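Below you'll find only one chain, the form predicted alone, shown as structure tokens.
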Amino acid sequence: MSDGQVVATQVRTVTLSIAELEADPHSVFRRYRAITPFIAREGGGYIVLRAPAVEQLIKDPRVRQPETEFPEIRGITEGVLFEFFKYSMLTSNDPVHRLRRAPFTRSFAARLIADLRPRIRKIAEELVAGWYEEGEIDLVDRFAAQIPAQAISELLGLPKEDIPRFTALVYSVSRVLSFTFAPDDLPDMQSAARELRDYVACLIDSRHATPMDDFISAYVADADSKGELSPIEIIVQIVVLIIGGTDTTRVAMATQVALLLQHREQWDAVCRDPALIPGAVSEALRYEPSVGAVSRFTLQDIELDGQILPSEQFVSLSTMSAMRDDRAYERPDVFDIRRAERRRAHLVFGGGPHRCLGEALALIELEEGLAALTTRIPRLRLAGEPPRLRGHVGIRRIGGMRVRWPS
């Protein structure tokens, strides 16, 4: 053995319960990140903790996107929820992934999204104007949830009156992306998934009959012209876009406002200088990401810092842990909107062929939503305790968030 050569060993991996991980994930990750590159999770699979390993494995050819492994681990082997994993571009690999994503890439153009910025700002300002005289609201329900829902509604061409219906279904269905749902939750989640699938199927049928100047019409026409996707694949891709375009941004919107209000000097700085908004959005996504991890499936044994991550395993690449790793950030547990390590490609959006398709839209919504609040209500305050952000993988969950301001 030459000097400096690392010998990888298979040591006994720490296995943590879901309860331990959910109670205080940042403390758990901080503790174990110092002593091991990954941990095992109750119920199956591993969580990779260190930033260099997470960044490496996001694009590593020795892993692939999980397909149906995750629902199978949780006992979901049939039904509409299983179909979402079986037919989604999020849970597929090339060449199937390329076929399912291509119509979005062609239709979800950057210019189309950029053109939405003034409209999203108007949505945010109209929301504020609608409840400003009340003096106190739940910001999650009345603002954070409304901006992405209205934006995705306009982008896809969904009737505005349908927003309460499809957002309620999304919040139920998206729980499947977490390890924390209970078996008793499955019937309600399957029912919501069935209703959401049927809702999208009706939308697609209507666009076939009467095309409109909207995203769904363009997407359906593109997919039909290529003839590469089945009807269920077309439906599921739209379902996935609705889920991804509403729930994750709702959580991120409320979280960034809560963090800024708890760091008053930084909130006041953003109110004085709107140029700080992109940095504030980026730092909030780093400090408390709305998506806790990126999923992968190992194709072979992989050596990480002298230990072996086994093959054929479901793996969560923890963005929560990586973005609090002092290997990548100075003072990682400090919230600082002026942080120097502001990366061009934010880790919260993943990487490689599966990097989040809605990244540009999400950033615009977060920036314009924050701009509307800081411009209109600089004296905004939390009314009570800060919201509790829960979850360590998948789409995280947030409770209510009361805010008030002088009338």
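Counting begins at 1, following the sequence as shown. The shown structure was predicted, so the numbers you read here are calculated from the model rather than taken from an experiment. In this text, rigid core is short for the largest set of C-alphas that superpose within 1.5 Å between two forms.
The discussion below concerns the form predicted together with a small molecule, not included here.
- The shortest heavy atom separation between residue 175 and the small molecule in the predicted bound form exceeds 4.5 Å.
- When contacts are judged by a 4.5 Å heavy atom cut-off, residue 29 does not count as touching the small molecule in the predicted bound form.
- In the predicted bound form, none of the heavy atoms of residue 46 sits within 4.5 Å of a heavy atom of the small molecule.
- Residue contact check for residue 54: none of its heavy atoms lie within 4.5 Å of the small molecule in the predicted bound form.
- Contact with the small molecule in the predicted bound form, defined as a heavy atom within 4.5 Å, holds for exactly one of 167, 249, 282, 255, namely 249.
- In terms of contact with the small molecule in the predicted bound form, the residue from 372, 39, 63, 348 that brings a heavy atom within 4.5 Å is 348.
- Contact annotation: the small molecule lies within 4.5 Å of heavy atoms from the stretch 290-298 in the predicted bound form, the single such stretch among 122-130, 270-278, 324-332, 290-298.
- Within 4.5 Å of the small molecule in the predicted bound form, a heavy atom is found for every one of 89, 353 and 358.
- The rigid-core alignment places the CA of residue 152 less than 2 Å apart between the shown form and the other one.
- Superposition of the core reveals a Cα shift of 2 Å or more for residue 170 between the shown form and the other one.
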